[in-house]
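Shown here is one chain on its own, the form predicted on its own, set out as structure tokens.
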């Protein structure tokens, strides 16, 4: 049948047209039957009832408009039964109270289910149209009002529940299943019943309990033990919620524990004598630190409290480290201490503070703060690299080399004066390359790649140039010996490194008087080199060279001595003299006095390497000293290396000189930055120029505002900029 062609028919059920006469006592009789049935249900005698008949009776009452009578009858009967139940519950003694309550609650629920089935028709028609409470809900409300809120049960119930929880907190075993049933009953009666009749009081009592307990704990426990107890209590409460409380209570009860056990004692815990946060950091107590982190993160301002204490402790220990006179004596140990400190805190943040970014940032800013308190940090870091690349990395695997270099780069990033590090690094690299003392070219190049990534091509191009010079020099020497092989015969062997001035650290060209045979050989090389390269100038850097000498001592013992060029010049003098004074040596060699003193010290004052002797015997070299060959010199090695007593750290004048060179190098960089900024901005005021220049250069060094001002003046004099005629603090760019 096609319904779209036909009108939709609405069927309506109508009452009979003729009047049905109902027995006037019908309602009372029917209600009596139903009332009796309800009583039987509550008395556990429901098995003899015909539910079909009861349903029909209830149905008819509603149909004959006696719904109101049925409903009010239900309320009255149920109330009476519940009041009887309440009396039984009230009469229960001690522990039986909750069991009786639970039993009666189960009885009531079963009865309610049956009553609801019998009165289903009323539930579906009469109740919604008359806006009455549905049967099930009505049963719960009546239970609440007549049982739970009865004067003799309400307080007793609350006290019993709280007492059981208190017992459980103090270690007693309780019937959790019963607790779960009673609490579920309160929840079934509506969230407001659970909250008002139980939860509110539970939270108050818990707060009092934990307030008192935490006070006891903090007086007798150290910080680590206290945190263990707090953690255990927190876990117990979370478990209690999962076992028999409403899941929504978890946040509320954990907040109580957190507030009373952690937030209220936060500062005292952190600063606790002999066991607080600082002691945990010093003793690497990862477990305790992790526990503190996890507990403190739960309370407002908890993590910032840990972070601030860690930061101030770290800054304090770092400050002591970088200003400790003993540590400053040994640059390698100084840097190793910094790396150890960084490793220590990296491990703590990783293992205990879940790699928290805010803690890492605090660690980085602390290191940056104290590394830069010591103006010699850049020099010391370079000396550390130098020591590692000269000998410290011998036999170390490639991976470990990379790890060490990465750590060095990490310290390098903290430096504000990166250009000072670069200056020293270049000097140290030069010495390593020229003396052939580098452990591994790969490691050297790897570090240069890292510096290139960090600072750009501009810095490393010169370092790469140094490696190129070394390679080119090898080829040049091969050419020289090929050309002069016949002439040279058995003259001393000469190895020359030709260094491009721009690539290598500039050093004043200090000449010293070389022995005649060496001097002649050097001249030959000069004429060969200038003959093969046009437009070049050669100047000898005798202070950077080394020599191997064959020596015969008193009883004919032969040795090969590996010495510096300066030491060679001094020793060769003793071929034609037995005894020479300091003044005579100085005159003959013309070596600068500071270098000569170091040179003589290493030849005469170092045990086991003292090929010369001096009078009077002392550790220092004086101008009145006299020197002669030590005929009694012996060594178990044929080859003896005589190092120069190194001033490993720079002396004060050298430091001033390096600082001056750094300042000079900074001037063009500052000027270039000013011009770049002014070119794009055209007009800018003084303060903004200072801010922009500082920002642009901070990856290299911290520009001094006074120096920037001088550079601006210099650019104005050279017509790059001009001052505004009306406002002296404004600068204009002159194209």
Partner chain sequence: MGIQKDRVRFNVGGKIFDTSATTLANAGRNSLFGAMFDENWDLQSGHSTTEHFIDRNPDYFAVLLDLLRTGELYLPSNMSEKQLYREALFYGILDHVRSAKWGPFDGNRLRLARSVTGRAPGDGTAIRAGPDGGCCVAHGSMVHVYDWMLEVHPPINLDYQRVNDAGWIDPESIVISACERFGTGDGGMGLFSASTGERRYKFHVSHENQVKSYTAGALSFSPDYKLFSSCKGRSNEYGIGVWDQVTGKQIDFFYEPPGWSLGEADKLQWLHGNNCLLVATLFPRKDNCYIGLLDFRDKSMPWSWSDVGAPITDEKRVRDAIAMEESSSVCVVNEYEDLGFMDLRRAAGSVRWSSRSRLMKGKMPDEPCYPKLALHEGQLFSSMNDSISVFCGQDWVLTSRLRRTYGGSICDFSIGGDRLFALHSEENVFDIWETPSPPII
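Residue numbers count along the first chain shown, from 1. Computed from a predicted structure; not experimentally measured.
The following text describes the form predicted together with the partner chain, which does not appear among the structures shown.
Enquirer: Just one of 417, 333, 117, 188 has a heavy atom within 4.5 angstroms of the partner chain in the model of the complex, so which one?
Expert: Filtering the options by heavy-atom distance leaves 117.
Enquirer: To verify the annotation, which of these, 685, 28, 68, 52, has a non-hydrogen atom within 4.5 Å of the partner chain in the model of the complex?
Expert: By the 4.5 Å criterion, the partner-contacting residue is 52.
Enquirer: Would residue 41 count as a contact of the partner chain in the model of the complex, using a 4.5 angstroms cut-off between non-hydrogen atoms?
Expert: Yes, residue 41 lies within 4.5 Å of the partner chain in the model of the complex.
Enquirer: Taking the partner chain as it sits in the model of the complex, is residue 110 near enough to touch it, meaning that at least one heavy atom pair lies within 4.5 angstroms?
Expert: Output for residue 110 is yes: heavy atoms within 4.5 Å of the partner chain.
Enquirer: Is residue 537 part of the interface with the partner chain in the model of the complex - any heavy atom within 4.5 Å?
Expert: Judged by the heavy-atom cut-off of 4.5 Å, residue 537 is well away from the partner chain in the model of the complex.
Enquirer: Is residue 64 a contact residue for the partner chain in the model of the complex, using a 4.5 Å heavy atom cut-off?
Expert: No - in the model of the complex, heavy atoms of residue 64 and the partner chain never come within 4.5 Å of each other.
Enquirer: Just one of 190-198, 361-369, 317-325, 127-135 has residues with a heavy atom within 4.5 Å of the partner chain in the model of the complex, so point it out.
Expert: In short, 127-135.
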